[in-house]
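Single chain ahead, by itself, as structure tokens, in the form predicted alone.
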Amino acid sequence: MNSKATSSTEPEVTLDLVKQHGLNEEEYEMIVKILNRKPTYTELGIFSVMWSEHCSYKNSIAILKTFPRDGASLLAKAGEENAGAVDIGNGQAIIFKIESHNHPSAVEPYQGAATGVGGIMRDIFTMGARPIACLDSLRFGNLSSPRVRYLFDGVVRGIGDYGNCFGVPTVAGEVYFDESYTGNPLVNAMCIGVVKVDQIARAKAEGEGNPVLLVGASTGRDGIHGVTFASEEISEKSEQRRPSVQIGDPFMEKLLMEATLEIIKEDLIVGIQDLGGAGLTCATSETAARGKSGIEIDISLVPVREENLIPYEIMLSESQERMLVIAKKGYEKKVQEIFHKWGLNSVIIGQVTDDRMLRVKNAGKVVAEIPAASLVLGGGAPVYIREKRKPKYLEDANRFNPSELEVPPDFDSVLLKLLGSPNLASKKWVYEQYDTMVRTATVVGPGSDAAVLRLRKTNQAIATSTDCNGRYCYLNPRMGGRIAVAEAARNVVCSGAKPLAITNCLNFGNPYDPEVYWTFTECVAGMSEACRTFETPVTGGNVSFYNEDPQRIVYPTPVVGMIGLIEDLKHVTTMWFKEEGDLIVLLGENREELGASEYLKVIYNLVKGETPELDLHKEKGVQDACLEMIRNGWIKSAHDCSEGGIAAALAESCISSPNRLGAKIRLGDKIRADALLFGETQSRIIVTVKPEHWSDLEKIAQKHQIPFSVLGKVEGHNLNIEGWIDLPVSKLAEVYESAIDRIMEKKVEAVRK
């Protein structure tokens, strides 16, 4: 229904009310100066959401600008559009982005996660791209907690239900468990789409007199101040913010996508933007600012589903499945006909102006009038560089002497315990709830180093992965940031792809804490160094601050979403062993590094030591060599060494083999045995090759100046690491594949505290 917004009894704007809206006195004075008057209540609401950390990035944008953001194949720079765009040739582009929905998921895990998926998919199809895959990167506390199991269960079901109903496969991701995420889980959703280069839609409003339409679902009170909720810490009061969590409808979103893609293909529009965080406020101000124009709307025309909504509520509502469309003048009826055909609202609520103002009316009466650019990044929104200080905890945390730990007498039991720990164990419990094959483009789904998706009508494919080890970033933020990018690149290389670009989701605590801000800047610096080395520019993403609860701050967790291009489908490579007699070869070298390892955490309950070193030049050499070997057709499997070290990597390649093939290994390195087996030294890839290609690989390794050694061969059905480990692959698989299932068999208690 359409209902005139009521405007009676709006509160008087006072300094106390300003502070309740998350703005400080200095920012209020900036607002008064911009308007040359005191703001109305509606205007205060508009500034509060647009100047929130979630929308303005006011505490992060100065640091984000240090990322490498240029590349020959980029079609849009970071921040220019709703998502990143990369040219992959043949007239096609990949559109991709990752965003967080952490705070909503902490309060209402099912809807928080579901609407996170819905929101990121709208970012993709708003640019004219049909989504082909989703990924997720998730962090929770210890699964021994009923509350954590409730959150884990709700988030996974929310992701699965929304994606499954919408009809886009969820093909990859990662799940970590650590006490630091107990009260504040991290739920990061990524989506990838494909579009013809000449059909990319832009998020801008231009052309005076062009009609502005609101399309899709009706507007309600759900999600109001969702972005300000996301810009504060989780506390005992957060449960009261449940109305700030939006409600999603994947079936309506499917209709919205089809209608949106149709109006873009028919060339009926000038610009389009989805209504996500900050709703109508964000969509109108950002499109106007990008187009160097203005927008005037009348909110009495907005279709609503609740009575007595005031202008403040309509402008701030984050009701899902809505779009703002700037149509070409004269084509608005055609746009409306298309949305009507799909059973969706399509209402002209205003027009583009040339005065660069965001003007909001209610039945003809002006209730807000603000320079559009003053609300957005690069305009009048405040920019801060906060105080930073190296954390005090690092001095003690980095102090670690492995010689003080006894070497375990039984490495069989150590490996089984590691494989049964939730961080290393199979995530089948998660991804078996997802439809991973819908749309039939999935070549490699969950369970290998990266997912691989076939590009229709070509012989090409896209490999994609999300990666970050928060423990590494906690113990050495700069090195952890480097490794997050390096591992994401290594994963797509192991799948046969050349890394192209990244998106990122930077999850940290309160930026006003100098120690948090130091870790943030250091992680960004490390990521930037790695991106320059791998020539993978940052196309955009999301910053999520205030990820903490009253007891703890989450580990600094800068999640990297990487895409890579496979030029020929015959180069697609997986991690599992293929055939008895194949040589098992290590690209890279083993070093005595035990710090920050999963082994230390699981066996000794220690989060100590130095994060493994990463030499970016050596890492690039290993990746380049591996990719060249794959493209020459000599590599039969490839798998990177990460959490759990070389023993876990070998076990995973055995377990994932359809025939449960084993391996006979001899490690001759003269270093401490547990560091050799379970240390997490970087820049290592395990590959298999036919014996006759050994000399070919050796030449490529020498060309790239990388260490190269034979570990053993694929043989039998046991993993045998001479002198240390001898276990049936069936036993390894039983532990690995059932660990999370057994924990989650415990009743998921729908507790709220």
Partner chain sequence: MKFGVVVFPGSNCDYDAYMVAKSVVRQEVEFLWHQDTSLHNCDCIILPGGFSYGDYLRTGAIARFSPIMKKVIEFAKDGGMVAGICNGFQILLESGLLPGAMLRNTSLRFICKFVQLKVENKDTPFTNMCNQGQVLRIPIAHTDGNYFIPEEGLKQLLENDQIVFRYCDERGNITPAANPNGSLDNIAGICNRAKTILGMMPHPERASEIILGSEDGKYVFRSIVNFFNPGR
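Being a predicted model, the structure only gives us computed values, none of them experimental. Residue numbers count along the first chain shown, from 1.
FYI, the form predicted in complex with its partner chain isn't displayed, but the following is about it.
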175-183, 433-441, 98-106, 580-588: which one contacts its partner chain in the model of the complex at 4.5 Å, heavy atom to heavy atom? 433-441
In the model of the complex, the one of 604, 331, 251, 384 near its partner chain [non-hydrogen atom within 4.5 angstroms]: 251
Looking at 549, 296, 153, 313, which has any heavy atom no more than 4.5 Å from its partner chain in the model of the complex? 153
Is the gap between residue 745 and its partner chain in the model of the complex 4.5 Å or less for some heavy atom pair? yes
Given that its partner chain is not shown alongside this chain, does residue 167 nevertheless sit within 4.5 Å of it in the model of the complex, heavy atom to heavy atom? yes
Since only the chain is shown here, I'm wondering whether residue 341 would be in contact with its partner chain in the model of the complex (any heavy atom pair within 4.5 Å). yes
Give a yes or no for residue 204: in the model of the complex, does one of its heavy atoms lie within 4.5 Å of a heavy atom belonging to its partner chain? no
Whether 429, 456 and 569 all lie within 4.5 angstroms of its partner chain in the model of the complex by heavy atom: yes
